[in-house]
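Below you will find one chain, with nothing else, as structure tokens; this is the form predicted alone, and questions on how it binds or moves follow later.
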Amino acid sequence: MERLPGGRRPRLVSSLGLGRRSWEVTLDEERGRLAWRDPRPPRRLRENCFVPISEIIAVEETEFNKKQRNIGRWQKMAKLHAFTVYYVKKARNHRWRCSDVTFWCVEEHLCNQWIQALKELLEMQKSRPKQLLVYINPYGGKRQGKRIYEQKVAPLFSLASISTDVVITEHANHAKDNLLEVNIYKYDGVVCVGGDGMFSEVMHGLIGRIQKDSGIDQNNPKASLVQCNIRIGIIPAGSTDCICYSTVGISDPVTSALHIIVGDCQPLDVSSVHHNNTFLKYSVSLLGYGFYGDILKDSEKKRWMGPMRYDYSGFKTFLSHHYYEGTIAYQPAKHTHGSPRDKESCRTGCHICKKSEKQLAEQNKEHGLKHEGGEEEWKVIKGKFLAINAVSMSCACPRSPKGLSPAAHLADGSADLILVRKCSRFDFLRYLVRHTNQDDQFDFPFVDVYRVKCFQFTSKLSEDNESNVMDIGKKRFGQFCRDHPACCCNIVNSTWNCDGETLDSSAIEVRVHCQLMKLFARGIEENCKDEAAHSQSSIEQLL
């Protein structure tokens, strides 16, 4: 054990075997990494190899003769002792894999010393889960959730010594209802295996349980909700995995499982949706009225088509070209430090989210909820809209790598409100195409975007048949229209698409709750091609 000068923490340095060569291996607690280098490498391979301690999954003693071959004279001289380090290996496109490296030596005491030192450092990683509650939707997507978990995820949890209680859901809201009864406080997190619908169910159950235990009335739209500190992990296994893609950068079960194992934590804003002082839903990704609401409403009738129903309903809705007249009232998110038109996206350790959280906390402490509901701060927009979208994240997916709002932030206490006004089919098509390329999708005269902390929408039909959500904007509301005057007598409302589920009411009030919940995620990393992964490929060449 080598003692560093100045009373700094010690580090472990040894000469250990790796393959058929002797390597200098260093466990540096102060720098937080395990490193190894070849003292006499070929001239073309001189880089050091390392892995952060925070990304080591497990360490195990290894039966060397079963693991390694062709080490020649070393096998004849003495019994060899070995240990294997399992760690995260990062690849392109934010994909993670479990890799391993095996070190050996002649001295049993030295081998045990390394194993003990590594295990002690892993025990110090307090953010890592020890016990998880897992919900598996066996019916979502392509009905592969159970197989994906058992074959790809469970072995990794076992390797990392994570104990699990697994519940196979049998009907809709099974997980939500179970979370209201089970002792959630004995778990370090809740994992959902399925699509966005499964995540929404677990989120509603967990947030609802915390509010219930805290005596918070969820039907009060101005209630200050209690933050949920029990993290949610997402193992993507659905037809749509937008939330996973927007928070990790890829929809891959192994990558998500590794994020859970290393104990990543990504705060997430949650929007509460109310109608007439009645709680309807929570939303973390998309609230869409008009185009995206119509797609969802039509696709629900065609579930037999599978994921293809979204393409069919999308094309059909585009051709119908319905627009809706109504009024949007919103409060600008003055606490935020960014804009929806920024070129900078939300990434791991986002400074905008951190600054916005701090400023919002100071603002609420100084002014309280009365400041939020101040009449003078509301802005009202009346018009005819093809689509009204409110997003709390980019809503990126493989088909739309930038999403609906590329600069939306995961945890800044705001949502991006996107208003697509009445325009021609051709112009609307140009707008939709922008979601698939790198062009500015807000650079159209018929598209407006605002960063808001709350908003409400009311149409003429909802004003006639239902009570207004608030008095603001009353008597200013327009009426429903259609593209074809001959059809105006057939008055119908669009449907709100709330994270892939329909809402019963068209008149809604939405409020963003800053960092209400936490995910087992890191956010999207700027450069996911890690040096250790590159170094490991060099090791393989040497071995």
Ligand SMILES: Nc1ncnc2c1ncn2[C@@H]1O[C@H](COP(=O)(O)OP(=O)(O)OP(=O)(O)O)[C@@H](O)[C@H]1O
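One rule holds for the numbers: they count along the sequence shown, beginning at 1. Just so you know, these numbers come straight off a predicted model, no measurement behind them.
As for the form predicted together with the named molecule, it is not shown, yet the points below apply to it.
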Is the named molecule close enough to Asn220, Leu503 and Ser506 in the predicted bound form that each of the three has a heavy atom within 4.5 Å of it?
no
Answer among 343-351, 84-92, 197-205, 419-427 for heavy atoms within 4.5 Å of the named molecule in the predicted bound form: the stretch 197-205
I'd like to check something about Asp241: if you look in the predicted bound form, is any of its heavy atoms closer than or equal to 4.5 Å to a heavy atom of the named molecule?
yes
Would Ser356 count as touching the named molecule in the predicted bound form under a 4.5 Å heavy atom rule?
no
Can you check whether Asn277 is within 4.5 Å of the named molecule in the predicted bound form, heavy atom basis?
no
Is there a heavy atom of Gln131 lying 4.5 Å or less from a heavy atom of the named molecule in the predicted bound form?
no
In this chain shown alone, the residue from Tyr187, Phe446, Trp104, Tyr310 with a heavy atom within 4.5 Å of the named molecule in the predicted bound form is Tyr310
The named molecule isn't shown here, but in the predicted bound form which of His109, His171, Lys365, Lys126 has a heavy atom within 4.5 Å of it?
His171
Taking the named molecule in the predicted bound form, which residues along 130-150 bring a heavy atom to within 4.5 Å of it?
Asn137, Pro138, Tyr139, Gly140, Gly141
